[in-house]
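Quick setup: one chain, the form predicted on its own, written in structure tokens, and binding and motion questions come after.
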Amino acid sequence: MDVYQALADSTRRLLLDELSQRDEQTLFELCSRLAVHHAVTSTRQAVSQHLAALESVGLVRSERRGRHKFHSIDTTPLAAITDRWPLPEDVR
């Protein structure tokens, strides 16, 4: 999977939106926010798989602290997109 395939899924984009609003969230928090803010009622397993896909391309970092695993957004891979197709000078 590459960054473009990861971003092609609407649930993954919503997860990135939620992580950009508030970083370092657990799976439970992300599932709750998807349900409350976006009416997305995916199972915890499905959301976990989406997070794993985002992590595999470097868009999400995870850190285990005790019994909880916290997820954070990492936009570094998106720089490759803007480097590939930079905005023209008159659009900036």
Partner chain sequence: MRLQTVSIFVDDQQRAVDFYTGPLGFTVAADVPLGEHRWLTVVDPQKPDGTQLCLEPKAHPAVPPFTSALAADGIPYLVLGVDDVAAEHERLQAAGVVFTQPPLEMGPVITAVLDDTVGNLVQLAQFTG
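Quick caveat, the model's predicted, so the values are computed rather than measured. Residue numbers count along the first chain shown, from 1.
Absent from the display: the form predicted together with the partner chain. The rest refers to it.
Are any of the heavy atoms in Arg13 no more than 4.5 Å from a heavy atom of the partner chain in the model of the complex? Close contact is absent here: in the model of the complex, Arg13 is far from the partner chain, nothing within 4.5 Å, heavy atoms only.
Is Leu27 close enough to the partner chain in the model of the complex to count, meaning some heavy atom within 4.5 Å? Leu27: contacts the partner chain in the model of the complex.
Check whether Val36 has any heavy atom within 4.5 Å of a heavy atom of the partner chain in the model of the complex, and answer yes or no. Looking in the model of the complex, residue contacts with the partner chain include Val36, since a heavy atom lies within 4.5 Å.
I'd like to know if Thr41 sits close to the partner chain in the model of the complex, meaning any non-hydrogen atom pair within 4.5 angstroms. No - in the model of the complex, heavy atoms of Thr41 and the partner chain never come within 4.5 Å of each other.
Residues within stretch 45 to 77 having a non-hydrogen atom within 4.5 Å of the partner chain in the model of the complex: In sequence order, Arg64, Arg67, His68, Lys69, Phe70 come within 4.5 Å of the partner.
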